[in-house]
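Two forms of a single protein chain come next, each set out by itself as structure tokens; they are called structure 1 and structure 2.
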Structure 1
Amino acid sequence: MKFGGTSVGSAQRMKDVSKLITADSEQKIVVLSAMSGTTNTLVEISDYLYKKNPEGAYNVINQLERKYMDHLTELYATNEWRQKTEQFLKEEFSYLRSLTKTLFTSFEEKVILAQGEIISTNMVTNYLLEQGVKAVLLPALDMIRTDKNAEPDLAYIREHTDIQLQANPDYDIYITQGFICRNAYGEIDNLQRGGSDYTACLIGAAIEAEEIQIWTDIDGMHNNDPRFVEGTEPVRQLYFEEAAELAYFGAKILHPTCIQPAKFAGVPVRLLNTMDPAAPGTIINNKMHRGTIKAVAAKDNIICIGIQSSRMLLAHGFLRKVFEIFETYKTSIDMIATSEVGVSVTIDNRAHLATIVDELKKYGTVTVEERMCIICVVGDLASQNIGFETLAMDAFKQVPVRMVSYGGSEHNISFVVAEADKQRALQALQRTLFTYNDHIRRPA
């Protein structure tokens, strides 16, 4: 079970989470994020230290310490556990202050960023122990490690998670930190992409858990963006590939890479709502429901680059040269469309845009369109489902479309439109796919 920062954002929320994880007698590993707002504050502390302003860092550390101390009276009923946790917090914040007296590098920054999860997990573990729960804290820094490519070291994680569990048998609840890890050199680091969700899926895959539960503040993954479209509904079941497509193309509830370990291990992932625990949420597993369009997602801040060249016709190596430019500047391409005289691509990273465009001009006439949006329709879009792609395209009959991508995946058809047309397009897709044509959806 993984709970994010909002779920442990106050003393009452910590109590609510504790009730959820002790609601039955099943053994559980619980992954916790830092309390909401804490990581941003730790980033602010680091920023002051990079700027060689320890006084600014001290002020923010003191404010954060007061915030945590204020939670103790509400969280703990006994002096014993209140004082134990108070002593722990004093030691934590003394440690943070000690880092203001040293040469500050990215290593110290990662140490500071790790403290949010360390604090929240200690507070919740102490609360569970006060309640008489058989709980134990397993440090993520003893289990989660990345390799020299900054990717999770799956063999190490499997072995060391097992070592920790074997060394601590017969507990009902195992608490650990999300997001933080060690790198290949033993230094404190973090998983970056997917954060605590990634930790939960890595551990769930390592122990071959019955299920991985990601608890957030929304009832599963919706079939459209509820911020722009009325009447959206949670999708009750998604195939792993469908969930990855939706996450990559804008569904903020999951990071696209974090469910990969669960997919490879065949462990289902369930998205649940901390504020409404009885809601069924969304289950992500290896079952593909045929003949179903599941959901729509949108990705903003897209840049569309077109390269036109009459020299491209029959020119071997043209696309390779184009792609090498993006590779040189470590810029990923989201979508691509080609013709005999041109190629259009989309990117979402503008860091090297001017240089990339300058390089591309060697090969043709280059156009750049900014403030674009990718809208992705996800489901069973295999070619034998005649008419599904037409149905999706029909929603765009009143919306200008810059690019279409279909056929690269059996689970997705994507459209590029101007950001100004995004809401209109999402609403049209909702009407076309999920209101007027409800017969294309099979209940999960």
Structure 2
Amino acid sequence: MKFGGTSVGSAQRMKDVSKLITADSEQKIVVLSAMSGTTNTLVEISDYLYKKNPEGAYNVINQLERKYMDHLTELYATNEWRQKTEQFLKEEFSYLRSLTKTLFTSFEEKVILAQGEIISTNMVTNYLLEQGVKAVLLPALDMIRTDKNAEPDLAYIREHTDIQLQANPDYDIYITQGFICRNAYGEIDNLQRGGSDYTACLIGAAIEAEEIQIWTDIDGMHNNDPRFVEGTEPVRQLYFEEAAELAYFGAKILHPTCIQPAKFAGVPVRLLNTMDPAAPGTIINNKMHRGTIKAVAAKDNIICIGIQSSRMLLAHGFLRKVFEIFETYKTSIDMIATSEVGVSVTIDNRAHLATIVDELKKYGTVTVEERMCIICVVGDLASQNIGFETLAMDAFKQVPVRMVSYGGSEHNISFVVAEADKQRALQALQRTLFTYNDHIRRPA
């Protein structure tokens, strides 16, 4: 069971989570995020330190400490556990303050970012112990590791999760931190923002759990982004590939790559609402239901690069040369469209943009459009299936479309539009796909 930031966002929420995880007597591993807002605050602290303003960092640390100290009276009933946790928080915050006095590099930044999950898991474990629950805290830093490509090291994770579980047999509840890990060099690192979902899926896959449950603040995956569209509805079931595409293309409810390990291990993932535990949520499993469009998602910060070359495109080897440039600079391509005279690709990592563009100029005329977004429509989009792609297209009648991609998988058709047109496009898709078309079966 993984609980996100809002789900552990106050003393009362921590108590509610504790009730949920002890509701039955099944053994479980519980992955917790930092309390909501904490990781953003830790990013802010690091930002002050990068800008060589330790006083600014110090002030934010003090404010955060006061906020945490305020939770203690409400969370713990006994002096013993209140004092124990107060002592722990004092040490945590003086450690944070000590980092304002050292040379600040990305190493210290990662250490700072890790403290949110370390604090929340200690607070909840102490609460469970106060309640007499047989709970133990397993350090994620001893279980979750990434390799030299910054990808999870699955063999290491499996082996070390087992070691931790065997060293602590007979507990009812195993608590651990989401998001944080060690990298290939043994340094503290993380799985990127929103990474607690990834931790949960990695551990669930490693132990071949019956089910991975992601508990959050909404009743499952909705058919469109509720932050931009009114009247979205929960989708009750998704095929692994469908969920993976929605996550990768911007459905914030799931970390972009967290579905992969669950899919490979064949472990179903259930999305549930901490604020409404009885709601059915969404089940993600190996069943593909034909004849429906399930949902829409959008991914921002997309850069669209066009390479026009009438001279080169038809020559064999042209695309290889183009792709090699992206490979050299470790920049992955999300979408691609080709024609006789050119190719367009999208990327979301601008770290090497200038160099990539420079090198591409050897092969053609290069254009760059920034602040674009990919809008991804997910469901049964197999080529035999007539009419669904037309319906999706229909929503873009009033919106300029820069690129379209169809046929890359059986589950998706994607459009690139300017970020400024995103909301309009999402709303139009909601109307064409989910509101007016009775002939499109809704997900069961």
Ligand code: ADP
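All of these numbers come straight from a predicted model, not from anything done at the bench. Along the sequence of structure 1, residues get numbers from 1 upward. C-alpha atoms forming the largest set that superposes within 1.5 Å between two forms make up the rigid core.
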Same chain, two copies; the copy that is the form predicted on its own is structure 1
After fitting the rigid core, is the C-alpha of Ala428 off by 2 Å or more between structures 1 and 2?
yes
By the 2 angstroms cut-off, has the C-alpha of Phe323 moved between structures 1 and 2 once the rigid core is superposed?
yes
For Ile347, does the CA position differ by 2 Å or more between structures 1 and 2 when the superposition is done on the rigid core?
yes
Aligning on the rigid core, what is the distance the CA of Ala418 moves between structures 1 and 2, in angstrom?
6.6
Shift in Å of the Asp358 Cα between structures 1 and 2 [rigid core superposition]:
8.1
